[in-house]
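The data below hold one chain only, encoded as structure tokens and taken in the form predicted on its own.
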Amino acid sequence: MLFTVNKSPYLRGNLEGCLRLAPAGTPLLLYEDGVYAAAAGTRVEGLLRQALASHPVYAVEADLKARGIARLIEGVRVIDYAGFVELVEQHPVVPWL
């Protein structure tokens, strides 16, 4: 399974809910406003660092750039749209809205 988060972690508890239910080892993909969770130095950094201990975490590069996010939490893997498609092809998707 591939858990996807596209909403800001500051507006909803969607990231927390996703991480409560995502089995260890399943990948997490941040895109659209979900990429705010990947930014270093924020109040959700601790939560994402915990997630990185048991999940590979990906963030879409174009969404990071569109939101001016340059400093990322160490361990977040930046992917392009081809990488996004690759992940979707490899895993059943669980969108977290």
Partner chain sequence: MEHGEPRGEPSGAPPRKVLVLMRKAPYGSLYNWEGLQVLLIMGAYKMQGLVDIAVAFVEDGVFAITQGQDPSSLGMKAIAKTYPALPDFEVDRFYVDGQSLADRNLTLDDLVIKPEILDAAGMARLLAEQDAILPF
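Numbering follows the first chain given and starts at 1. Just so we're clear, the structure is a prediction, and the values are computed from it rather than from any experiment.
Same protein, other form: the form predicted together with its partner chain, not shown, and the subject of what follows.
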Look up in the model of the complex whether residue 23 has a non-hydrogen atom within 4.5 angstroms of its partner chain, and give yes or no.
-> yes
Could you confirm whether residue 75 comes within 4.5 Å of its partner chain in the model of the complex, counting heavy atoms only?
-> no
Which residues from 1-39 come close to its partner chain in the model of the complex, meaning a heavy atom within 4.5 Å?
-> 1, 3, 14, 17, 20, 21, 23
